[in-house]
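Starting off, we have a lone chain in the form predicted on its own, written out as structure tokens.
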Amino acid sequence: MGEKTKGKMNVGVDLGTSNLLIYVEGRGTVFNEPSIIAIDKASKKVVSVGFDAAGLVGKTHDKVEVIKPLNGGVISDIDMIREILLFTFNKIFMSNMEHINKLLICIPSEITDTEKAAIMKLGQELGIEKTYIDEEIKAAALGGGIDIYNPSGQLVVDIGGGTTDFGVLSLGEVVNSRSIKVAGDYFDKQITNYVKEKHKLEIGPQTAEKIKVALASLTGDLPVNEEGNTLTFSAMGRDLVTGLPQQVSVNAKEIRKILLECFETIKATLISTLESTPPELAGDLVDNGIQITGGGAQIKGVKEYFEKITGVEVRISKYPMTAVVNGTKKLLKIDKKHYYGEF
């Protein structure tokens, strides 16, 4: 199965809430941009996808609509996902889908059967007969260098944009999993709400994300500037009192408090996942530890935070943002019995 048909390529897709990543055999990861699409309301034609569409968030007029077709790991608009994939595949393969031999789309562990069927149908509608799906947490483990086919328990925590997924894997299958909608997008919303309440400033989602990236930390050892002072971020938005453009300073201490509150839910879910894991597999985690992937793996202090909770070693994936799409490269080479979708 690992052999590709002559002249054709295998393709792996990480259909993430925040980003869409596409791997093409022989070419590597050829697309890594926001899972956002802008369409013309009148004609329904695609205006832009990815970074170009993301740049229009909060700045469009009544003729253009910007859509995020995945929210919290849930498919909210399957038609727009189809349009995003069609647009990007046309760009990558110059409108010739015959170049694609096999298409693997990675999905959240707790996606519904209806959503699985819809995703499978997408590939077939694109003219790709050999379309199938598998779980993101499995791909993330493989992409992080874990051999999930050994008879030994492995725990992966994937802190993505829409969801944080917890998966215990053994013998190539997900034995126990959880998924919660407390992840990157939720962190951004909490930052937005805080700035609105505390600083009386209305900010957009892009500004909230920039604050998170610049200041996020779970440790008491907060990031500092060259003068040794706690790092701050100048947030610009609309003053709620005057209605005029305004700028306020947000510091790392404020953001740490917000994130620690968010991580309480992640902490509780991690503990419940461990409590419901078969004893033999749970015991394996003492030696194997826990691997963290996804954008949230880049938050300062996340390793120490999870180690304090569990008492076992925690590793940050070498390439946390691309672990899932890197894992598709390996999944594309294994036997089809491991997949939901049949060839």
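Don't overthink the numbering: it's just position in the shown sequence, from 1. This structure is a prediction, so every number in the text was calculated from the model and none was measured.
Below, we refer to the form predicted in complex with a small molecule, which is not included among the displayed structures.
You can rule out all but one of 212 to 220, 96 to 104, 265 to 273, 145 to 153: in the predicted bound form, only 212 to 220 has residues with a heavy atom within 4.5 Å of the small molecule. Only one of S48, Q298, T310, T29 lies close to the small molecule in the predicted bound form, with a heavy atom inside 4.5 Å, and it is Q298. At the 4.5 Å threshold, heavy atoms of G327 stay clear of the small molecule in the predicted bound form, well away from it.
Interface residue remark: G16 is counted as part of the site for the small molecule in the predicted bound form, having a heavy atom within 4.5 Å. For M321, a non-hydrogen atom is located within 4.5 Å of the small molecule in the predicted bound form, even though that partner is not displayed.
Under a 4.5 angstroms non-hydrogen atom cutoff, the small molecule in the predicted bound form has D158 among its neighbouring residues.
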